[in-house]
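Starting off, we have a lone chain in the form predicted on its own, written out as structure tokens.
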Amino acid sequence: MTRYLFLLLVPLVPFVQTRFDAVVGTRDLAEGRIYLRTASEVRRFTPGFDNLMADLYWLRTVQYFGEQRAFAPDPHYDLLRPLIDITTGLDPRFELAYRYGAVFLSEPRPAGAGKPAEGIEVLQAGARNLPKSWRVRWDLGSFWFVFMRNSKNAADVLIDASRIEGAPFWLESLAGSFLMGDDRKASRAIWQRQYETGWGAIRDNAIHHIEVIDALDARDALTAAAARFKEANGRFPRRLSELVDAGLVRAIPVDPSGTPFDYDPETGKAAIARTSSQWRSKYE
């Protein structure tokens, strides 16, 4: 409701904007200067106009980012984080500023500031100030995974997000997918839980991912058996049937879809066949 009070303050915008420009000014932003560097300083300058000033500072943030990205020969984005912090300091519930501000900070240069650690800090602040926003946590988990390559932190955040009222079920599924490359045991536990508590397409999706994990585990077991064969014989097996003859595996295994594994006798590595429904390029 308080957000709609902005409409009542529209007649005051020119006055506040004039005072704002007198201190901040578009030219100062373009030249890399900002005089009010904290929300508390802005609040002292314009008491009682926190939400209005947050909106103005967000407009300036977007303007500054756009100008740097589109027109600066060497974009520096030095003022980006201070502008975002002032905006969210004035209005800690400004969800858009956290989410898009983090994108501006995290995108690789020159499209963005190339500072994903700062982007994550902004989203973490958003998660603290907006405890019921699963969307901020969705972004935070995705940023941990995409920019920082930290699947555990990503999954932890997404699982927390999935427990917020109104959050979509697929947040937990996304956490399971993020973990499949680094922590199959934790990923399997997530998919098993979805299988046991879900229904219909959710259970079918869980079964499929469990089968992919089974195939990855079997692939690694075959590669390990080939390594043990080489320790005993001085070479990798020429074909997987030699592992059976050596008693290292009970039978030539197939993946859960019934497709035989590919095998490279030069490297001793097994692989899920590309013709298999369990094959995923990112796991090979």
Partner chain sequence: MSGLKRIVAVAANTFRETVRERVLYNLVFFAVLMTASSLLLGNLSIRQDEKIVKDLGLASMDIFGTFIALFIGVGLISKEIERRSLYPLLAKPLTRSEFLLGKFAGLCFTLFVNIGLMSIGLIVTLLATHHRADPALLKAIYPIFLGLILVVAVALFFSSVASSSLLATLWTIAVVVAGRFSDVIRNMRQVSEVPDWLVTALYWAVPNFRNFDVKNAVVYGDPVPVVALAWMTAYAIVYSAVLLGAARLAFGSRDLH
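The structure displayed is predicted, hence computed values, not measured ones. Numbering follows the first chain given and starts at 1.
The form predicted together with its partner chain exists for this protein as well; it is not shown, and the discussion that follows is about that form.
Not one of 139, 146 and 178 comes within 4.5 Å of its partner chain in the predicted bound form, counting any heavy atom. Screening 231-239, 253-261, 60-68, 212-220 for residues having heavy atoms within 4.5 Å of its partner chain in the predicted bound form returns a single hit, 60-68. Interface residue among 93, 184, 152, 203 relative to its partner chain in the predicted bound form, by the heavy atom within 4.5 Å criterion: 93. When its partner chain is considered in the predicted bound form, only one residue from 52, 249, 39, 226 comes within 4.5 Å through any heavy atom, namely 52. Proximity of residue 104 to its partner chain in the predicted bound form: non-hydrogen atoms within 4.5 Å are present. For the chain shown alone, residue 100 is a contact residue for its partner chain in the predicted bound form, at least one non-hydrogen atom being within 4.5 angstroms.
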